[in-house]
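The form predicted on its own is given below as one chain in structure tokens.
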Amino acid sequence: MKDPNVSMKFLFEKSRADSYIDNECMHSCYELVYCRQGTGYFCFNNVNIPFKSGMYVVFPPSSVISESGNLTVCDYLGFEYEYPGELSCGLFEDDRGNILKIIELMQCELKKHTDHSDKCLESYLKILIYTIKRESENSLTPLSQHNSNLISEIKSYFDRNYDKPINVSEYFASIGYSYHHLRHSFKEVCGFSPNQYLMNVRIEAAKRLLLSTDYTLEEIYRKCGFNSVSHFVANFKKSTNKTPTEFREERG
């Protein structure tokens, strides 16, 4: 079997002492980002990917990527790869530390930079690629599937907890995302903003209670997560063009 044609474009380590948000960038080559320390997330072509220590992400060429995190130390490796069949791209866990060991060997080779360093780096890169291919079954989530899985989990959380007070921005922050990035992805998948989806769930729950129980409006607004009776009535009318009382009276 013929070896792939590979070449390294860049390799560097970056440490951040505080929280950060990096602007979008794009590389024409493959990029591997290895997280040694900290937590954060990448926004890749409007797909949101959380990461933490011991994980790495492989991005395909021409990916548009932004990054944010807290107290991170990450390695960034750019490389070209030509071979029949695409390289596995996605989020991976380096359970045995094999990927990190190869990256560290490459970093050492860059530092000493002898006459044979270019060939050594090419060999290490090939080993790295073969290791990624071998361990691709450990991919946590392919990049193309990550958003739909994440949005499904968020919708499920809203469906289960609509009766509780939920600050959507704070909830997203608690699972490692900014509202700004995730709002666009959520609307793209669901057709609604996160806040509108949650409101729709609450309105549907209120409809069920209005039609099947004799609860007062005060009882219903509490059971459905509204802030007050006036908040409940205003949003119910906005959604249905009827007040809750008018909607109930129509049940006959």
Partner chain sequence: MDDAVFTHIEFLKHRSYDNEKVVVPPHNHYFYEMTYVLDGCLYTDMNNKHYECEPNSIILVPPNVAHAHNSNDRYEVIYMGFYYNGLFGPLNQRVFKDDDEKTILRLLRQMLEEYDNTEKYYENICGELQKIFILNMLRLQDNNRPSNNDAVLKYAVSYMQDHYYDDIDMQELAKSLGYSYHHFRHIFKENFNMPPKQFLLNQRMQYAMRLLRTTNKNISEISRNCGFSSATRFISSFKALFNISPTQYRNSDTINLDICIFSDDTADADLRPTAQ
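Since we're looking at a predicted model, the values are computed, not measured. Numbering follows the first chain given and starts at 1.
Not on display, but discussed next: the form predicted together with its partner chain.
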{"property": "Ser174 within 4.5 Å of its partner chain in the predicted complex, heavy atoms", "result": "no"}
{"property": "Asp163: touches its partner chain in the predicted complex, heavy atom cutoff 4.5 angstroms", "result": "no"}
{"property": "4.5 Å heavy atom contact, Asp3 to its partner chain in the predicted complex", "result": "yes"}
{"property": "Heavy atom of Gln37 within 4.5 Å of its partner chain in the predicted complex", "result": "no"}
{"property": "Residues Met8, Ser15 and Lys126 all lining its partner chain in the predicted complex, heavy atom within 4.5 Å", "result": "yes"}
{"property": "In the predicted complex: members of 115-130 within 4.5 Å of its partner chain, any heavy atom", "result": "Asp115, His116, Ser117, Asp118, Lys119, Cys120, Leu121, Glu122, Ser123, Tyr124, Lys126, Ile127, Tyr130"}
